[in-house]
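A single chain comes next, written as structure tokens; it is the form predicted on its own.
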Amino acid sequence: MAEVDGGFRTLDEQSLIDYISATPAVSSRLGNDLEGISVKEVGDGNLNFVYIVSNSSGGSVVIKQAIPYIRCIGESWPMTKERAYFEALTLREHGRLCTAHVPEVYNFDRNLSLIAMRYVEPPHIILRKGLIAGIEYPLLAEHMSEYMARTLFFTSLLFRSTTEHKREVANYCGNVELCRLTEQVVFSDPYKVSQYNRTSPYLDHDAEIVREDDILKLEVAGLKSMFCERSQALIHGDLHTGSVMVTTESTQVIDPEFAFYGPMGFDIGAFVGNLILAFFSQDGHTDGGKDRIAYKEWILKTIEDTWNLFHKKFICLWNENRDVGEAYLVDVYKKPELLLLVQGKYMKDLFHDSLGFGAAKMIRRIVGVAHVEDFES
């Protein structure tokens, strides 16, 4: 897909206000009240600029702009702005499938690579920060299993015809640069000497052990092959604990700019793997002599519940829609005992994929370019 360059410029606080005033789809979300408007840049990720825009009458909106390079590296690592197009597309599709857990998109400006969306207001915080703070989220497993079950099932051949599926796969083939970034930082760089890996001085020995582990590299090669070749469902593509905003009662999934049609286990593994990273970091976050043994047990229970609830919900969706998709035609798999065998194998394979991808995501967060705040703090 050709990148759209016409009229692109990186907005700052003042030019953003000018843009909003000239864009009714956005200004209307502020009640067309631009008096006392404030703009705060809050992007703490690796790629984009993110602004919270609010006014004196209580209106608010989030503006996210993709820039033509990786923000945490600089202009020496160029990156397509078209990632914003795929993020907006996915937010709308996943929002349609799971309205309760995906923020609404108000407007997308392709020339500016700019998304205006609902402000996920306080007390929502990034899940990773909540895990560092030791906060329990009793509905997290329920909500994330719902999000993953619905977005993965309804974009797969278990629900769609092969014609529909191939058309949607083709729509996302243009997100190749983000896929290649994942291929590099997850499946390649951690297993070789790379200028982008961050290990010195304390992790150099561990990184060398990873680089010399041939059995591990054989397994990672299989995972990379699956990531590149298997168009199983529309996956978020970067579903770590920094891409989820939470309260004790609400869960919102954000930042699907890495979305494409890939293996379902990549999303499940990313989420579970980051929970495991959070588990192992907890002893470093104890304060005032208070241990986090009970909290670590809650994390483990959340991991268990996430998979078990996902499994239950996914199978329920399959049973409710078994005469719709073309993966397993009902006329072929009409015997109940055969369907049970098919479902059992499908879920066992998906669990295996999820564990593999989760492990790869953990490794890259330790010896790769982008570490996690759980450990860094």
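Basically, rigid core = biggest C-alpha set you can superpose within 1.5 Å across the two forms. Remember, predicted model here, so these are calculated numbers, not experimental data. Numbering starts at 1 and runs along the sequence shown.
As for the form predicted together with another copy of the chain, it is not shown, yet the points below apply to it.
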Partner-facing stretch of 68 to 76, 243 to 251, 154 to 162, 302 to 310, counted where any non-hydrogen atom is within 4.5 angstroms of another copy of the chain in the predicted complex
154 to 162
Let me test this: is every residue among Phe86, His94 and His101 within 4.5 Å of another copy of the chain in the predicted complex, going by heavy atom positions?
no
Although another copy of the chain is absent from this view, report whether Ile276 comes within 4.5 Å of it in the predicted complex, heavy atoms only.
no
Does another copy of the chain get within 4.5 angstroms of any non-hydrogen atom of Glu41 in the predicted complex?
no
Residue-level contact is defined here as any heavy atom of the residue lying within 4.5 Å of another copy of the chain in the predicted complex; does Lys217 satisfy this criterion?
yes
If we define contact as a non-hydrogen atom of the residue within 4.5 angstroms of the partner, is His285 a contact of another copy of the chain in the predicted complex?
no
Which residue, Ile126, Val105, Cys179, Leu112, is the contact with another copy of the chain in the predicted complex, using a 4.5 Å heavy atom cutoff?
Cys179
Heavy atom within 4.5 Å of another copy of the chain in the predicted complex - the one residue of Ser281, Thr80, Ser231, Ser145 that qualifies
Ser231
In the predicted complex, which residues of 334 to 349 put a heavy atom within 4.5 Å of another copy of the chain?
Lys335, Glu337, Leu338, Leu341, Val342, Lys345
Please determine whether the C-alpha atom of Tyr69 is displaced by 2 Å or more between this form and the one not shown following superposition on the rigid core.
no
Do you see a C-alpha shift of 2 Å or more at Tyr333 between this form and the one not shown, with the core held fixed?
yes
